[in-house]
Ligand SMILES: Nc1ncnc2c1ncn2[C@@H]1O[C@H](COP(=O)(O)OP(=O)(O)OP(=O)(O)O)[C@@H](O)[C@H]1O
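Quick heads-up: it's one chain on its own, the form predicted on its own, in structure tokens.
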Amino acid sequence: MNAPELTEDERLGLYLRNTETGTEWWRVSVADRPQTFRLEHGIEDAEAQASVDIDLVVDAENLRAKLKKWHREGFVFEARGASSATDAQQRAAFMPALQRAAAARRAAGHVGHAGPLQARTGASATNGAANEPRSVRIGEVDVPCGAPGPLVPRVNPAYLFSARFNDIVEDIVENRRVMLIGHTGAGKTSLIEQVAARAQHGVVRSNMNGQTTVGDFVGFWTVKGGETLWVDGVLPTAMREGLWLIVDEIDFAEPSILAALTAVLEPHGRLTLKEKGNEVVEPHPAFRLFATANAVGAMSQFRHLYQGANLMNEAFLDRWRVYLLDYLSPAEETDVLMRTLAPHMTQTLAATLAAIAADCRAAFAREDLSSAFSTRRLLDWAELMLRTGDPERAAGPAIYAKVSPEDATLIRGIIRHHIAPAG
């Protein structure tokens, strides 16, 4: 008799047969990759002791062959009890229920526990209503605007807001603490700056380069004209004035700086200036806190490429929303090149340059190159190339002079692989 056809859900579960030494069983569950299944085998003896002696992953075709073999060998699929049936129903119902809840949240305009981003000025709204802050659409998110000022970054009209940035922008509106991790030149800082530029919020940066002290960050006492004065550091300044603070390369920060940050990372977190008589700094509603890092969390495997980077514990990281930013895809970078250097940068030229950048980054990931290849470097090279008409000549000041001779030789080989010499 042929084995009966089994539905997807019926494949998952326990297959049993009795033997002289006990009960032999196979357990089928979903594996990590799509359309694959984990098979576990064991024998439960008379003392009810069981252990897995086979553990493997198979695809759907191999599973069907296994099911037929087990049927011939006398294995019986364990009947699902009431609790198992309930579990299956819950499993099937989860995604539809989640989609309904997410749609209801969007319709209600829900804002996270830390409160919405508020404009620093209560000026006119985009729809003309009084006493409502202006807003600008960035990706799929409406971001309330601040006010023009010297600390507002300049807008880069060619900057590409990928759909993958929507969650980050929404976190900014909801006043989440956002940490962006990724390789050098992946665009971590520029993403924050371009959101701020379009929404007109001032940005200050503090680079944890090993020379930034807790006094620079929090504040210090100084003597001026015979008078002792307190000077706010970058953190309380941003909190008081409603600025966006980017802590660059936070994985290089001193422990004292991280300790000062910890309290501010909490929802509505306040800063206590112990050196100033325990003065409490309340955050302005428009204040936002960001961090960037190269070798944290999912990037920890590359710590050896960033000498001096510190380990960060999960308790600290759990206070942030951590996003891994990769380089732009070749298609996205092609688009950026054309938009930035229009009308002279053609599709053919841009696609070739983007492919060169992708190969250089792959070499960096393999550790064949010791230097990263940022979009900024690619744009500089492309702009100089259009001026000179010579890729090699343009690569001198834009690329080769910035890297080691060994890296320059490898990059030159990648360029020549994609660009044939002029005839």
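Note that the coordinates shown come from a computational prediction; the quantities given were computed from them, not determined experimentally. Just count from 1 along the sequence shown to find any residue number.
Another form, the form predicted in complex with this ligand, is not on view; read the next lines as being about it.
With the partner omitted here, the stretch from 373 to 381, 30 to 38, 62 to 70, 394 to 402 that lies within 4.5 Å of this ligand by heavy atoms in the predicted complex is 373 to 381. For the candidate set Thr189, Gln200, Ser206, Thr334, a heavy atom within 4.5 Å of this ligand in the predicted complex is found for exactly one residue, namely Thr189. Interface residue among Leu328, Leu349, Ala309, Leu245, judged by heavy atoms within 4.5 Å of this ligand in the predicted complex: Leu328. Contact check at 4.5 Å (heavy atoms) against this ligand in the predicted complex: all three of Ala158, Thr184 and Asn294 pass. Using a 4.5 Å cutoff between non-hydrogen atoms, Phe75 does not count as a contact of this ligand in the predicted complex.
Not displayed here, this ligand is kept clear of Phe302 by more than 4.5 Å at the level of heavy atoms in the predicted complex. Heavy atoms of Tyr323 never reach within 4.5 Å of this ligand in the predicted complex, leaving it off the interface. For Phe252, no non-hydrogen atom is located within 4.5 Å of this ligand in the predicted complex, even though that partner is not displayed.
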